[in-house]
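Next comes just one chain, in structure tokens: the form predicted on its own.
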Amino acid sequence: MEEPINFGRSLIVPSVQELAKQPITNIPPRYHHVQHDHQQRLAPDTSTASVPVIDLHCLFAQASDSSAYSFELNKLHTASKEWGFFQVINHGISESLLEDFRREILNLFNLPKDEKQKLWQEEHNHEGFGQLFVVSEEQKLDWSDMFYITTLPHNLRKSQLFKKLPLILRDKLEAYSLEMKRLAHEILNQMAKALGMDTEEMSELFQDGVQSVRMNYYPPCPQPELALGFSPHSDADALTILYQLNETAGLQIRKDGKWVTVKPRADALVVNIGDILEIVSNGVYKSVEHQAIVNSNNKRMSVATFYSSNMGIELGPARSLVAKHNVANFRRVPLEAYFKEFFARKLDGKLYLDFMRHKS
């Protein structure tokens, strides 16, 4: 059997969930993110701007020559160019699956400490409980725990980690990951139409894409003005689909130089453009910097599903769009090399995408 590819490692750090259980009033210095805009991060979002909402029923069920379809496709195109984020309603994923999966993730984070330890990251690989992108002992840490696992294609899975998961969670994760793959494919297909890209080319790039799932737990923080739940970054994948597990807001996106808080809708999933899709779209669609903030009263939980292109491809702008635009704005690299370089770095805004740009 083919060996799973090891995309990277992250230094092993203590559990923030366990730390937050202690009666502390000051967080350890390693969690201090003192930056010039931290006041702005915590200021209430007074802007009227909100992330666009796309009705997928209009895209998947309407005739492609109808006015309702054209209107919604244009909304998707504009959101992808100008926001890099949108919420989707009528996404077709059953409420019962979402609720079952939510319950099992809550159970996972409520496991006793010694049970969780069996699922912790190992030194040579970043899958399991822990944090990602920790590359030095001096680095500032985020106020969160996560469980990260590669789900598709099957030959990339760490089978030993899957076998250690509670059985019901494993079954629900299997079903959920397939639904996320279907949804990602459907959205990407619509994006190809909106971009004027060869739809066959989009299908070929993503038909058996790499998928990973990151389950996030952000405990209440005694000093939220000093901490970050997740440092500012753009995602390395093509599409990220976020399922918010409770009502606590915390996701912020950088829009026009300000942080805009995404107010989660119970009936929606949040979708964002990743660096791979900015590259494939030749820069038409934008991956956007985002971060997670924390608060002193409520925990926040979410699960992000990252969908990328097929292993073995050479990542670069879609050839049909390069022909259309008469320019390639990004260079071409093998996908595996792209991922390994990404996971070897500390998260730092959109610096990695800048590394991929063609220098004039």
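Quick note: we count residues from 1 along the sequence shown, nothing fancier. Source: prediction; values computed, not measured.
Below: the form predicted together with a small molecule, not depicted.
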item: L321, L315, A304, I27 - the one with a heavy atom within 4.5 Å of the small molecule in the predicted complex; value: A304
item: Contact residue in the predicted complex, from K158, K258, R265, R214 (heavy atom within 4.5 Å of the small molecule); value: R214
item: Site test, I93, F101 and Y176 vs the small molecule in the predicted complex, non-hydrogen atom cutoff 4.5 Å; value: no
item: Contact label in the predicted complex: L242 to the small molecule, heavy atom within 4.5 Å; value: yes
item: 4.5 Å heavy atom contact, L251 to the small molecule in the predicted complex; value: yes
item: Residue contact check: H233 to the small molecule in the predicted complex, 4.5 Å heavy atom; value: yes
item: Partner contact for K286 in the predicted complex: the small molecule, 4.5 angstroms, heavy atom; value: no
item: Region of this chain that lies against the small molecule in the predicted complex, out of 104-112, 73-81, 166-174, 216-224 [heavy atom, 4.5 Å]; value: 216-224
